[in-house]
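Shown here is one chain on its own, the form predicted on its own, set out as structure tokens.
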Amino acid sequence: MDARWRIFPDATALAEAAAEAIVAAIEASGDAPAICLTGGSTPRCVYDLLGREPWAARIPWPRVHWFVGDERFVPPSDERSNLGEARRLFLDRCAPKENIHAMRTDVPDVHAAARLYEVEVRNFSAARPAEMLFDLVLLGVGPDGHVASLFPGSAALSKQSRWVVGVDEAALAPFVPRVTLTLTTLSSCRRLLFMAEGAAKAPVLSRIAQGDDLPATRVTSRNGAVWLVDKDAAPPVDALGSRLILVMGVSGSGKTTIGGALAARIGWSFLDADDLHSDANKAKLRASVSLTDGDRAPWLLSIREELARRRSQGADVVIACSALKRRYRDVILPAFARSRIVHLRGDAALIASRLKKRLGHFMPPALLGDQLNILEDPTEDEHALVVDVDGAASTKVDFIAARLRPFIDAGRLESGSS
């Protein structure tokens, strides 16, 4: 589900919005609200607010359960302790002790601590009537895109059956062992709230807005993510606007079928570029005469104009277009600040057999060879997802949607926020 981005003028406004979101999640929950907290410097102001009016008076403290997404393997009194900081700022003063679910750091190692916390979390989940484990998960993001103690390239990212794991070596300071919830556990939530502030976070937030595959973009929730960021950390406004997925390939590769099905799956607008060919171009193709670059130039400009029109209306678009040459793609793609390419590629004989079965289309099978000859595969800097044309269309749509999920979920600037 699409993320929503909200930009605030300063850290104070950001903290107040986060405190309000946490309290609202508690008010909308059932009998035993469960909130998962995060560590780091950004949420400290939020924790201070939660223990003060007007937010504290709205929290039914005896009913709310507090967890933590990860913990450094240090004593609770250590200033590096994530939950220790939250306890000092508000939990020990406001919450019943039995409602504070801390990760143990007085056991032999992080793996023992992970096993104990997994038992505690599973038992809480089993006793809770709610479908989701948490009502809200609060997360920060590291400069490398890590969340909790799930670092890029870490084996912990693939632990789908585990709820909690130990991390022997942290990839960033402080370099102490960690205990962390897994992606599966963090994603078991109704609401997912990210916080980030400061210019140092701007590069990674731009990557997240572009849909890069990072730990932060792999966490999901039933209602999508909400990113609360200050103006110094925020990506450019254009980078939080509409998105484009170009499904390209030679005629007969399945662009229209797959592009249309993908658009329907993710709820985006769909454009078939073939519909924008001029009558003259269509007549030329029906006569088995290949189009020249001069023939294609007005067509490409009409595509770009239609895409710009849809972008101005706030639409995210999947377009099916042959886009055979790099310079064709360079005309189309700049209509959107955020775009991805899906290249449908496969056996020429299979594609030819499909063209022979296709009825009523202006593109004849005889021109397939010409298209293959001028096709310029996307280069490495275009970051295309290559998909084989063989197999069921539904399987390919599943694959594309899964691989492009961080981009599809990257989200938009919330209306009225800037």
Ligand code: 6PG
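Small disclaimer: the values here were computed from a predicted structure and weren't measured. So that there is no doubt, residue numbering starts at 1 and follows the sequence shown.
Missing here is the form predicted in complex with this ligand; even so, the following discussion is about that form.
Want to guess which of 138-146, 212-220, 253-261, 238-246 is within 4.5 Å of this ligand in the model of the complex, heavy atoms only?
-> Going through the listed ranges, the match is 138-146.
Going by a heavy atom distance of 4.5 Å, is S41 a contact of this ligand in the model of the complex?
-> S41: yes, in contact with this ligand in the model of the complex.
Please run the contact check for K201 against this ligand in the model of the complex: heavy atoms, 4.5 angstroms, yes or no?
-> Although this ligand is absent here, K201 would touch it in the model of the complex, with heavy atoms inside 4.5 Å.
Heavy atom to heavy atom, is N82 within 4.5 Å of this ligand in the model of the complex?
-> Heavy-atom contact with this ligand at 4.5 Å: present for N82.
Residues of 62-90 having any heavy atom within 4.5 Å of this ligand in the model of the complex, listed in sequence order = Going through 62-90 in order - heavy atoms within 4.5 Å of this ligand in the model of the complex - the hits are D70, R72, N82.
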